[in-house]
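Only one chain is shown below, in structure tokens, and it's the form predicted alone.
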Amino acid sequence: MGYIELEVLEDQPKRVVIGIDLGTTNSLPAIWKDGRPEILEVEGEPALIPSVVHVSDDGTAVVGRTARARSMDDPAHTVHSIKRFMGRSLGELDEAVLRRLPYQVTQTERGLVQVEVGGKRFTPQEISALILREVAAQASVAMGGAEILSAVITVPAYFDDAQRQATRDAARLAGLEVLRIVNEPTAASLAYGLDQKEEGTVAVYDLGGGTFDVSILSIEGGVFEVLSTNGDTSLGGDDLDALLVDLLRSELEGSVEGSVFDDPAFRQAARLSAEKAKVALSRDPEADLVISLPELGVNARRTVTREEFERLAAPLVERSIRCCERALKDAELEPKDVDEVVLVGGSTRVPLVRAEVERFFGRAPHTELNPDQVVALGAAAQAEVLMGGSRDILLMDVTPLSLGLETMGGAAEKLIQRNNRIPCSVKEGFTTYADNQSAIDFHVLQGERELAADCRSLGRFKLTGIPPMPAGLPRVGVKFHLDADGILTVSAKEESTGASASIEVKPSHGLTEDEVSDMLEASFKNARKDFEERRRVDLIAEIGIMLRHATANLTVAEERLDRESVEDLHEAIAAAKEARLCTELELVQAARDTLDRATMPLAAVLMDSVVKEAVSGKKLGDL
């Protein structure tokens, strides 16, 4: 099969769809050709684009190898590892990571991360767009001038809604139509052709330059179902490099001024030396960390053994293994239930990583394919499927965190549960809380806790035009739709008038490493406390509705009920009002139950009135 043709015009280059691995360290395009995915090559070499951008003082930007070559001479104007900032705010970034950067990172008035280089300010989306544009340009050269307008782009499975949106925005800025955002682990499984297995369970361990995630997939008859996913969006090869940078710093402390460590030239030189030593230690028992900056009075050499490096790296690798444990627990599986283990990302070349993965899963992982290329190959395979190719594959990914709404009293109502298959849609009915309420504010949340304050705010929107009615009568349908790219749309519609409102959730930034990794842990730790607090909040909201109806009909009660029932009702109302300020679940529950019993005689009187009015003037035969 030839490459995928979108449109063929006479005497015009062919337009094609490519797969792109937009990586922290490098980015790479691939294409489906002659029945299999291939990495695109330029002049016999893979079209690998270092994810690096250099911006000169006149505003001219260069990308890739040229930018990386300039990083030593002009580090303050050279941006790398931008993927770590996608969909984030400045306050969410690790201060240790920021201290290691040779370029300046600030934020916009709205709290968006921006980098300042060459006298200009760029968002991560803009920098990523420059990288994607260069990837598409190199792909075009490799394809003999074909026009590259569409792509399948991969992201870490644990990227949240904000980070996926940021990736889509970057592609749009680069002039690329995104046919699909695909999770990197799923792409890797496609590259290995695991869809050809009749059935099996696969674990994909993906340790890249800046992020880690693990996915547990079930494959049967060409159907890929992601059973669970877990990860750490601030764990990768950059963090392994930082361990060796710290060794260099300790070697130099006392012999140079402290200000040297903050110099962009030192930061860049130390990072590159650490990266070179890390790579060498994957094949040799020892390597040298070397840094020479005469202008700063820096000249040092430090020999590092693999054993020493592995001792330093062990806590980071253990962090990744804990993610694997959580992913298996969510999938209700044991390591022995996994049939295949796939390694993705250049950092999986580290011997300690491979050894620990093999120890945990009890089987040797797949290493046949280049871990730097496997994701791009899988993206090309998915592009072929989307364009009607012959492979019969169905991908069923999951959402990593629950999605829902804030309800009255501050509770979090989950509409789409974590690890739910996507694409998916869920519809839930809501109503008004106050009489004659003409609008409802919706607060969209992401997270596992029971209260809105403990979850992540994704966005807000308002539904107006609700006709004036008593509280509880309007019927508002709220629909959550999570598409195949993991992009969330929330809509609300009032049934009697057709009034509607919707939002495509585009938060200004995403989740921090602590929020991502701790959300699930916190939900388990606080499960009982959260449940009780959620119950208390719901009871208080229920008491509010009961009080409103009871007080509105007090005159009827005093006219139609016996003296004892009226006194019970007044006492229950007073107790219920006090209970709304109470923090003890048992007391709130007791006050609600007492009010419920006290209002029963009143409810019977009101129902009797309704029935009498309904049958008034009618004969028995009419009923």
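Here the structure is a predicted model, which means the values were calculated and not measured. Start at 1 and count along the sequence shown; that's the residue number.
Unshown form predicted together with adenosine-5'-diphosphate (ADP); subsequent notes refer to it.
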Can you work out whether residue 128 and adenosine-5'-diphosphate (ADP) are in contact in the predicted bound form, taking contact to mean some heavy atom pair no more than 4.5 Å apart? no
Using the partner position in the predicted bound form, report whether residue 404 sits within 4.5 Å of adenosine-5'-diphosphate (ADP), counting heavy atoms only. no
Verify the contact flag for residue 282: yes if a non-hydrogen atom of it lies within 4.5 Å of a non-hydrogen atom of adenosine-5'-diphosphate (ADP) in the predicted bound form, no if not. yes
Using a 4.5 Å heavy atom cut-off, state whether residue 118 contacts adenosine-5'-diphosphate (ADP) in the predicted bound form. no
Stretch from 107-115, 538-546, 256-264, 338-346 whose residues place a heavy atom within 4.5 Å of adenosine-5'-diphosphate (ADP) in the predicted bound form: 338-346
Thinking of 210, 237 and 275 as the candidate spot, does adenosine-5'-diphosphate (ADP) come within 4.5 Å of a heavy atom on all of them in the predicted bound form? yes
Going by heavy atom distances of 4.5 angstroms or less, which of 450, 74, 169, 372 would be at the interface with adenosine-5'-diphosphate (ADP) in the predicted bound form? 372
Of 269, 316, 478, 350, the one that lies within 4.5 Å of adenosine-5'-diphosphate (ADP) in the predicted bound form (heavy atoms): 350
Does anything in 18-43 come within 4.5 Å of adenosine-5'-diphosphate (ADP) in the predicted bound form by heavy atoms, and if so which residues, in order? 23, 24, 25, 26
